[in-house]
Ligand SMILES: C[C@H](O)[C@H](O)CC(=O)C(=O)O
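The chain below stands alone and is given in structure tokens; this is the form predicted on its own.
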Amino acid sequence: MGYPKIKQVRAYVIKGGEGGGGADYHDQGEGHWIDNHIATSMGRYPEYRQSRKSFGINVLGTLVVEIEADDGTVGFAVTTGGEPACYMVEKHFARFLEGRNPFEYERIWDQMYFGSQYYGRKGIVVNAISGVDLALWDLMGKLRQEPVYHMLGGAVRDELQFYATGARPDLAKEMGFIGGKLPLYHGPIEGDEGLKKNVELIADMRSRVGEDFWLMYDCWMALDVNYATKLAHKCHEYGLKWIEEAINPDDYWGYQQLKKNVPAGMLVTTGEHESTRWGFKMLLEMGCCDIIQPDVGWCGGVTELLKISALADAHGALVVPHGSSVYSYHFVITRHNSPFAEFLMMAPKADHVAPMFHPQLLNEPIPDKGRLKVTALDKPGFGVDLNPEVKLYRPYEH
């Protein structure tokens, strides 16, 4: 069967640079739990300790990629990357798509990655590649009138189950989630007093949620091996299920040591800020972690996530993607080694379920009692629409 070819690729940012959520979900107003004294590697500087926005976590903004076919069908996706990523998409990557069959996604991905290898390989370049790849999968699904998960092999279970990331695991339990992942509030620079407060918070939450509810700590690259080891052992008696992204994501040797150091039964997880099969190959072959957590909007898109997942499966590791809404749901529902999913609590007080990519996406499915039926994904492509009320700006054209 013949399909229309790709007519045009377009890249946008939010007009005026205002964020306020969506793919750039760290860009929130004052008092939001997601940016309130969370431990980071910049915590060694007092002026950057209270807020991640103070050192620029929100400077890039959202990237919106549209891919239009000859028949007028448009696939789109959102991720982060802002104007720099727009430049790459318009001025570099578009040449590998326009005039092509959209189902040549392997060739397109390969040419984008190796065509930019001399200045890319990770970071913002792979964010841009991810945005293009996700938009391509959305277009393919719309052209075939199939949801993306059908094209990935179909569902292996009838529903997704979620753990919640946010400041209130106790409320997440009441909402039906299987676990709650807390941000770590105090880093090594805050010494023994900060460590004590971290342990006290887990102890308090354990007393609230009971024995069977999962509790985890997201350390957001803030720690060293010694501090992470102490934290893991002190929290072990309170049933900490895993310690996440504890150290510098480039320190594979440190993760290898940390996995040996943690108490028996505690999991080490990482990979949110890792990209491509080659980065995850290091984590897996060196025995750095039990669960890898690629973000499909940052690691290379669906095309690359399939390779990463196969590599993890061969190493007996689970793949639990970093929260990325429908872009990961369509993947998780098709993989046995992705048994549950992450849901980021975007309500400022983490006290109710709100769409993760609001206001950019319309018709975004959200969990009910910590679950999401596969039928909620039964729409062409990723099944969401771009909100026409979100003003877009196209900084570059080709």
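Numbering starts at 1 and follows the sequence shown. The structure displayed is predicted, hence computed values, not measured ones.
Missing here is the form predicted together with the named molecule; even so, the following discussion is about that form.
Trainee: Using the pose of the named molecule in the predicted complex, placed onto this unliganded form by C-alpha superposition round the site, state open if no ligand atom is within 2.4 Å of a backbone or C-beta atom and blocked if 3 or more are.
Mentor: After the site C-alphas are aligned, the pocket of the shown chain is open to the transferred ligand.
Trainee: In the predicted complex, does residue 113 come within 4.5 Å of the named molecule, counting heavy atoms only?
Mentor: Close contact is absent here: in the predicted complex, residue 113 is far from the named molecule, nothing within 4.5 Å, heavy atoms only.
Trainee: Do residue 322 and the named molecule share at least one heavy atom pair within 4.5 Å in the predicted complex?
Mentor: Taking the distances in the predicted complex, the answer for residue 322 is yes, it comes within 4.5 Å of the named molecule.
Trainee: Using 4.5 Å between non-hydrogen atoms, is residue 42 touching the named molecule in the predicted complex?
Mentor: Residue-level check for residue 42: no, no contact with the named molecule.
Trainee: Should residue 165 be counted as a contact of the named molecule in the predicted complex, where contact means heavy atoms within 4.5 Å?
Mentor: So residue 165 counts as contacting the named molecule.
Trainee: Which pick from 350, 332, 38, 64 sits with a heavy atom within 4.5 Å of the named molecule in the predicted complex?
Mentor: Partner contact (heavy atom, 4.5 Å) among the options: 38.
Trainee: Among the candidate residues 279, 120, 183, 194, which is the single one with a non-hydrogen atom no more than 4.5 Å from the named molecule in the predicted complex?
Mentor: None of the other options qualify; the answer is 183.
Trainee: Is it true that 25, 34 and 244, all three, sit within 4.5 Å of the named molecule in the predicted complex, judged by heavy atoms?
Mentor: Checking in the predicted complex: 25, 34 and 244 are all within 4.5 Å of the named molecule.
Trainee: Quick one: find which of 214 to 222, 87 to 95, 149 to 157, 251 to 259 has residues within 4.5 Å of the named molecule in the predicted complex by heavy atom distance.
Mentor: In short, 214 to 222.
Trainee: What are the residues of 47 to 67, in order along the chain, with a heavy atom within 4.5 Å of the named molecule in the predicted complex?
Mentor: The one in contact is 52.
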